[in-house]
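A single chain, nothing else alongside it, follows as structure tokens in the form predicted on its own.
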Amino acid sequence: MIRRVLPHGLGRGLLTRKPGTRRGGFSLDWDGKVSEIKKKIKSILPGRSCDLLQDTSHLPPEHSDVVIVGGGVLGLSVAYWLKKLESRRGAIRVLVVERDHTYSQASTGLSVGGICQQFSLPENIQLSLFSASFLRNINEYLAVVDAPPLDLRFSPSGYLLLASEKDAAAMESNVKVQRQVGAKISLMSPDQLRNKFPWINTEGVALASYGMEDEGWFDPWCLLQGLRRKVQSLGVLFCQGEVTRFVSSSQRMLTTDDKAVVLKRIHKVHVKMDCSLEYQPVECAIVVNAAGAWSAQIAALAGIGEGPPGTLQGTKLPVEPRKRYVYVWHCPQGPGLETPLVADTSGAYFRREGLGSNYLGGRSPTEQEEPDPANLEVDHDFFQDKVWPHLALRIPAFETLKVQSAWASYYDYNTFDQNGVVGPHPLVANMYFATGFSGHGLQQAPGVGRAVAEMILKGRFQTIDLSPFLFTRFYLGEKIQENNII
């Protein structure tokens, strides 16, 4: 049997010459050669890897049912719900591709970690209420056997939004919607505001809204790592690399009004390995674009937006990176432990950070002030000129604050209406979106992940109807403007 299995030439060299041996001076070197024979046999038996072949363990699999581009909290949430909602364990093979395995520039880890329900759109309020419940019961969802429980360090201090006379009516209308959906929000007059938070200067404030339940902030890094740990335990595969190409087929069809459209379907995803020219094609049935600030680039690889202007085929994904600064300062005389996250009438915001009289905050720039997103360098003059004057006016104690540190991060900014893009593309039928949340993606990730998974598995939204967030609104010009973006 051994002769049939062994390749030609393997028998040579089994006999070795040893001095002083009998019968012609030859003997079998069993110790070394039998071990060698076993290794050779194992290397060519079916189902065994051959030691002589190149190691490919660093490459993604050749096949996956779903490829998720982007391993941030949104991509991981989609992966989690796909595995939780699959018909049986192991029914769906999911691959997550993330180019920055350290997450050093990921929006998730650089977020201020806030969660609130004080939005103007019912869908955004519903998403945040869903996420609040998810975070409150985090270890029921993300527990892993023999792993320590997650501690999100949730600070339930609420959000306090301030409105000028000009914006008071809109705030009142928003709060009415928030209450109808189920959020616990109170309206406060300037006198009530001073009584509850005496450290606030109410000059220029006509009305305030205050979240009394399920609002505050948490540790985004803990949520990211908790999701990653859980989905790995559910069998989700990870790959460090960059998606560089889609291999797709196309079919030209006529609409009911005799207009030609091209339907596409992605069959393979090319994943380029980190620091290498090597790539691996991955056959797949579904692609989820959760690439955050760079999701428009991923969409363009699939041919989205490559068509005549004004047509569905020529409609691009209107998501781009926008740089935002977060500053940390120290102020011993600042507001106490009961301080909520405060959003001023000017757009400046702040919250406490820990127990040592430290605070963090910033302000979204105007269109004219938008910084260059080419890097994550911090503009300290922006704080001095555009943030601190508003903070010091609203909180007199902040006149003496001292900046300790700062960082910059990216928003996946939807330039169309500052709301998320969720669900399938109308022409690239097997590309789904979970992007464009313009700064509130972290807090809405649990609900968005479930919505995308439902659309993939069931063909419709079930838990929360996110139909207004579909891609087709860009072509139709139907904005669903969110007014409360911090």
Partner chain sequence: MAAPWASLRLVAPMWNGRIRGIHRLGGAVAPEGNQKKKRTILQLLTNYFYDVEALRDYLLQREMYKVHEKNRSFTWLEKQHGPYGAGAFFILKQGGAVKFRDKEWIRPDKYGHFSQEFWNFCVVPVEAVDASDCDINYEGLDNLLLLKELQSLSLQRCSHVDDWCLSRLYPLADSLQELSLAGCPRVSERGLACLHHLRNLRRLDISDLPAVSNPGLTQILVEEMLPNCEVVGVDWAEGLKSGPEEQPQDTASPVPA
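Residue numbers count along the first chain shown, from 1. On a predicted model such as this, the values are computed, not experimentally measured, just so you know.
The same protein also has a form predicted in complex with the partner chain, omitted here; what follows describes it.
Annotation: in the predicted complex, residues V145, R153 and P156 each come within 4.5 Å of the partner chain through at least one heavy atom.
Distance criterion of 4.5 Å from any heavy atom to the partner chain in the predicted complex singles out R352 from the list R228, R352, R324, K264. A heavy atom within 4.5 Å of the partner chain in the predicted complex is found for one listed residue only; from K196, H390, R245, R93, this is K196. Remark: F119 does not count among the residues lining the partner chain in the predicted complex, judged by a heavy atom distance of 4.5 Å or less.
The shortest heavy atom separation between M212 and the partner chain in the predicted complex is within 4.5 Å. The closest non-hydrogen atom of K184 lies within 4.5 Å of the partner chain in the predicted complex.
The partner chain in the predicted complex is approached by E338, whose closest heavy atom lies within 4.5 angstroms of it. Heavy atoms within 4.5 Å of the partner chain in the predicted complex are found in exactly one of 296 to 304, 311 to 319, 171 to 179, 196 to 204, that being 196 to 204.
Residues from 63 to 91 that approach the partner chain in the predicted complex with a non-hydrogen atom within 4.5 Å are limited to R89.
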